[in-house]
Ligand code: GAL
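Shown next as structure tokens: one chain only, the form predicted on its own.
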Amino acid sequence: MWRKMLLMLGACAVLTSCQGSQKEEQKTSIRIGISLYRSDDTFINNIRSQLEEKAKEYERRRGIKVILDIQDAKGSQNTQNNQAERFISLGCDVLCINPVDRMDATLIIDKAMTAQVPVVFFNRQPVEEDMDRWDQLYYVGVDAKETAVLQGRIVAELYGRQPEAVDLNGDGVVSYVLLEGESSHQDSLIRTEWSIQTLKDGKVPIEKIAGGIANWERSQASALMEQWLLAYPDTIELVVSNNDDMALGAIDALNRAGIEGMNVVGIDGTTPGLEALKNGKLLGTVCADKEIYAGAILELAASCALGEEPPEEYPLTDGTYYWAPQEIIVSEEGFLKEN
């Protein structure tokens, strides 16, 4: 009988020990390693600010401390690979990676899989073959085709109501120039194709005058636009830009040349882009809801860190991809309301 009692006491002690261990394992803080492809990118900087706000909200709501380790890869994939390795060595619970080269995410994925650290990629989508390698890889971004179609609609719908507002010289043809992002970026390729296709589908009689890659940068776009204005004086009527920063670069060149009234459309809804829109310099832009976008990254990362199911308010396509909602925003001259 004494032996039975001792066995029962031993079992209770083990059970109590296990329960105590489980309580100890409940996280009171999570550490998220975030690598940005370039922190001076205006859109990415906007997302970074939102991530910091969302982390504070999460702490207040869940009572779990969120430590964000945010690093700038400065356009170097090698630097970003080293940052990911450092995050893992420091014990980060999850990585959030804005890839420098979306075609070269393999090394980061290898290290994360070996260490069993989930990864949330965002803004620059790794190739499908990489994303299919592990069920702890996620992506948050926008549907690039939807973005481009919405951008094309800005011009097409204005032309449908007021052709003279787009065909500025009244010759029956809208002469445009195109500012493109990085040649290797999937969004740049898709935005270029579908924004122009939407103009054609909308029966806008367009003619391309010139186009060039400005790598998402305002200064590069400004230099290109300045060249085009000199090469094609009194010809360009429309500037289609893959993002707001390049659109702003075109506007800078127009301002220096003293040219007013030319239609310029962008994408991203950045803070300076919206300011230019308010001032009537930018006809319109396509804006992802940055609060939802950053919220999806933070909540998905936190659920990974805590071993929880992905948050229901951010439904995943194929269990992997979250597509943030987008809207059209235009100046008063465009007459469109926010969608």
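Residues carry their position along the shown sequence, with the first being 1. Since the model is a prediction, treat every value here as computed from it, not as a measurement.
Absent from the display: the form predicted together with ligand GAL. The rest refers to it.
Of L283, I44, C287, A302, which residue is found within 4.5 angstroms of ligand GAL in the predicted complex when only non-hydrogen atoms are counted?
If I apply the 4.5 Å criterion carefully, the residue I get is I44.
Is it true that Y37, H185 and R191 each have at least one non-hydrogen atom within 4.5 Å of ligand GAL in the predicted complex?
Verified in the predicted complex; spot residues all in contact, yes.
Looking at 130 to 138, 229 to 237, 117 to 125, 153 to 161, which stretch has residues with any non-hydrogen atom within 4.5 Å of ligand GAL in the predicted complex?
Stretch with heavy atoms near the partner: 117 to 125.
4.5 Å heavy atom contact, F87 and ligand GAL in the predicted complex
Close contact is absent here: in the predicted complex, F87 is far from ligand GAL, nothing within 4.5 Å, heavy atoms only.
Is N243 close enough to touch ligand GAL in the predicted complex, meaning at least one heavy atom pair within 4.5 Å?
Result yes; N243 sits at the interface with ligand GAL in the predicted complex.
What residues in 210 to 234 sit within 4.5 Å of ligand GAL in the predicted complex, counting heavy atoms only?
Only W216 sits within 4.5 Å of the partner.
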